[in-house]
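This document starts with one chain, in the form predicted on its own, laid out as structure tokens.
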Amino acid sequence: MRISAWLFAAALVGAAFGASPSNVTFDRDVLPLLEKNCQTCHRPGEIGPMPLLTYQQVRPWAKAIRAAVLQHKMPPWHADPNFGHFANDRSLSEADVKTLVAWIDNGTPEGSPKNAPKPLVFSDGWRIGEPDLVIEMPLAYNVPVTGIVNYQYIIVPSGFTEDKWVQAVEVRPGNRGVVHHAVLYSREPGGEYAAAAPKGEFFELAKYYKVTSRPKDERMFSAVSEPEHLQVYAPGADPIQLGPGQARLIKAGSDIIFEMHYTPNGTATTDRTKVGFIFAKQPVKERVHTIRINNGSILSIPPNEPDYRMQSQVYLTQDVRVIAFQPHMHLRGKSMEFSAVYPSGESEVLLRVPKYDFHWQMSYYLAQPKLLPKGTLFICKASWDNSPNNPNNPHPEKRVRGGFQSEDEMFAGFVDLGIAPGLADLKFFKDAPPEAVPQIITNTTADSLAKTISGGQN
């Protein structure tokens, strides 16, 4: 990962940014901004490469911070501000940027501790607070020095004797240096997903589960209800923290399934990941259920292709409320966009991520959930850069196909839906043919549209 690359990207970034008031101090003006926008990641045990809790910790990084905020590299936030409003928007306002730059340009004065806010209190590293329940992998996985590690799965019985409604979920890797990502599922009793797999030991899914219902033309969405998604952990991703009255359902007797993607880093090591749950304390009015796009297996990106595109489109078969999005691609990922064409003919971009960053895979929670009525055309578009101009691209000379490893590619757009707690029918979509997509949404030529729909096969 290149988490700290921004720290050394530039020693100077242009001229001074606007006015530089001389009375800006760390304690009164800067520390509140760091508490609000930075310290969740920049504290011991978290993803930030250095803590930013005190003046003594922040002062040595002043020039790097100046460069990062002027280039809008920190805090990381990749949503196009022209489309949608998001509750977890990390971006700094222009006023906040001016405050930080003014403080640095005027010599980083500390100020008086009496003007400082109270330090934030973090619960034993848990971003969601003290969990009601922690489930840890019963075994540590031995990650080799080098090589490719196939996805590893391990099943842990939940022990739940009654249905549980979960309001917050946080996956915490035991070793962040080798955990590329982790997906947490629950499998209800009688579920077919890896039903014959052993519990309490690692296994590879292909030995115990075969996907047989996947359509030949994988342009469509797949409503994942078996098993149930609980959280996707990836670098930069937030834990699940739902609002009052919202929760995810784990049925009585369910098993918890850890899907682990390990990336060796040159040192033999181990990992023992765990997950924390906070249960809903109020009556649940809305169940949060995750679906994802499943058409990455037909990806076939030509060598040196700078702008390869694909898209999926479906019709909604019932009303849904969209709560959040999490785009997921790999090293060549360039952009992703979710949009809707309503039965009235009106269209709207719900989220546009014009500069997808593999190293910061975050979720985007709508400030106000969006109701998509039955009959809406729901569209997801993605693009990839397989050219030498992509600094993350390990092999621009090779054709890249869909697969699980980082050097393969993916088209996985996770979408959180809000549904009635007792809803039994979790089939929300039917396939939409390519001709259903209006030109105002497609924004491509006829030739490029034909290429994207077919998967770009040559």
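Given the structure is predicted, the values throughout are model-derived calculations rather than measurements. From 1 onward, residues are counted along the sequence shown.
In what follows, reference is made to the form predicted together with a small molecule, a form of this protein that is not presented.
For the three marked residues, 336, 358 and 401, no heavy atom of any sits within 4.5 Å of the small molecule in the predicted bound form.
Mapping the unseen interface onto this chain, residue 41 counts among the residues with a heavy atom inside 4.5 Å of the small molecule in the predicted bound form.
At the 4.5 Å threshold, heavy atoms of residue 61 reach the small molecule in the predicted bound form. Within 4.5 Å of any heavy atom of the small molecule in the predicted bound form lies no heavy atom of residue 426. The small molecule is not drawn, but in the predicted bound form it has no heavy atom within 4.5 Å of residue 174. Put simply, of 129, 76, 239, 375 only one has a heavy atom within 4.5 Å of the small molecule in the predicted bound form, and it is 76.
Checking 32, 421, 396, 48 against the small molecule in the predicted bound form, a heavy atom within 4.5 Å turns up for just one residue: 48. Contact with the small molecule in the predicted bound form, defined as any heavy atom within 4.5 Å, is confined among 135-143, 268-276, 89-97, 308-316 to 89-97. Shown here is a form in which the CA atoms of residue 384 and residue 176 lie at least 3 Å closer together than they do in the predicted bound form. Pairwise change in the predicted bound form: residue 176 and residue 37 C-alpha atoms lie closer than in the shown form, at least 3 Å.
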